[in-house]
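Here we start with a single chain on its own, the form predicted on its own, put down as structure tokens.
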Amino acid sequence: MKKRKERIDRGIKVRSEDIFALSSWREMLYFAAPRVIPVAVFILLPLVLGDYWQRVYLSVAVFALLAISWDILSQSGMISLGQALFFGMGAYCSGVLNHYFGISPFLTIPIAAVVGGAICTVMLLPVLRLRGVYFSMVTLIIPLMLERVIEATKIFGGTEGLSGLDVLPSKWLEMYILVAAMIAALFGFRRMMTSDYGLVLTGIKDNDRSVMNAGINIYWFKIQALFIASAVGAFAGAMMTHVYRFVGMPVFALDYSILPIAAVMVGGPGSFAGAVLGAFILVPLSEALRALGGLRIVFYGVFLVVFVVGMPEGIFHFIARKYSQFERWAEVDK
């Protein structure tokens, strides 16, 4: 019996972008594995980690959410350098509600996500008509300005911040709320960007003039995308405020702006999965290199340069392309 090699995905018939006609359990496994395995890893990984690396895993989930929020803006034609604005606004909203009004974290976190997202959206409304580097510079400057305002006016604790905030009942609840949010954001926004709504956002990025000529108000869609992205970042900030029981000026630090961008560039822009993968690589790497002191930045920078130059498409797109090229031996029809 003659056999020949063929790609595994050859037998998977696509009826539409989201509906597949699968004819065997092997095809089902091949199709489901890239989705099921990461989710299983996200859920089971905290159970095998020690206390220190569980804290690192929390940071991974937070930076993954920030990276996803950056990718949402990027796919909508808005390049942000100020994810720290979203993170810090959510952190302060949650901290203020808990410290001054005694509201439970179960309420402050969702309220901070919505209110923080709305405040960030209103603050950036005047610059939505700016393009390219001009919009990026404004998003970079605003969190730095807020940091100096808090320092000068001493509001919300000034340079000392607000401490002694309430925590969630258990570390496992903290962990799995962030994990659930990360999984929901990953698959939910991937679904959103393949819908008609997402196609409009992508069209705004590719050719906003053509979208305007079609009678669509691109600024209304930009406002919605900005609110969604800022709410995701604000949620991450609100969660970390109650994890560490503190909120202060460091929540506007550049780390919360630069690392999410680096995670997207390493993982692969335009996929959301690349943003999560980049966060899972860069955050633990940063912790592992901490023992090197000042040299950590050197090795970290070399790592980023190697990946950005050697694999500009991102790790996720490279893996996805290789995965679709897997072959199997198939019988040849006579």
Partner chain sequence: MLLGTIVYAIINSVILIMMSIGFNLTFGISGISNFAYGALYIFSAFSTYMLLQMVGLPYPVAALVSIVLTAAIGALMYRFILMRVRGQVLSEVIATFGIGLAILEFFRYLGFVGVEYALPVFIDDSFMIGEVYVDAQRLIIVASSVVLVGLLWLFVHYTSVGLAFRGIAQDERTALTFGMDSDWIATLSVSLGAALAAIAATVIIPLGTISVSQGYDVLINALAVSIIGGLGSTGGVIVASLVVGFAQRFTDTYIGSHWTMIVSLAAILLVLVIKPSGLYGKQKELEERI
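Computed from a predicted model, the values in this text were never measured in an experiment. Numbering follows the first chain given and starts at 1.
The same protein has a further form, the form predicted in complex with the partner chain, not shown here; the description that follows concerns it.
Contact with the partner chain, judged by heavy atoms within 4.5 Å in the predicted complex, is confined among 119-127, 242-250, 171-179, 87-95 to 119-127. In the predicted complex, at least one heavy atom of Thr153 sits within 4.5 Å of a heavy atom of the partner chain. Taking the partner from the other structure, the partner chain in the predicted complex has a heavy atom within 4.5 Å of a heavy atom of Gly301.
The partner chain is not shown here, and in the predicted complex it never comes within 4.5 Å of any heavy atom of Leu45. Contact annotation: Leu49 falls outside 4.5 Å of the partner chain in the predicted complex, judged by heavy atom distances. Contact with the partner chain in the predicted complex, defined as a heavy atom within 4.5 Å, holds for exactly one of Leu162, Leu81, Val115, Ile228, namely Leu81.
Contact annotation: of the candidates Ile183, Met137, Ile223, Ile111, the single residue with a non-hydrogen atom within 4.5 angstroms of the partner chain in the predicted complex is Met137. Interface residues of 140-172, taken as those with a heavy atom within 4.5 Å of the partner chain in the predicted complex (partner not displayed): Leu140, Ile141, Ile142, Leu144, Met145, Leu146, Arg148, Val149, Ala152, Thr153, in sequence order.
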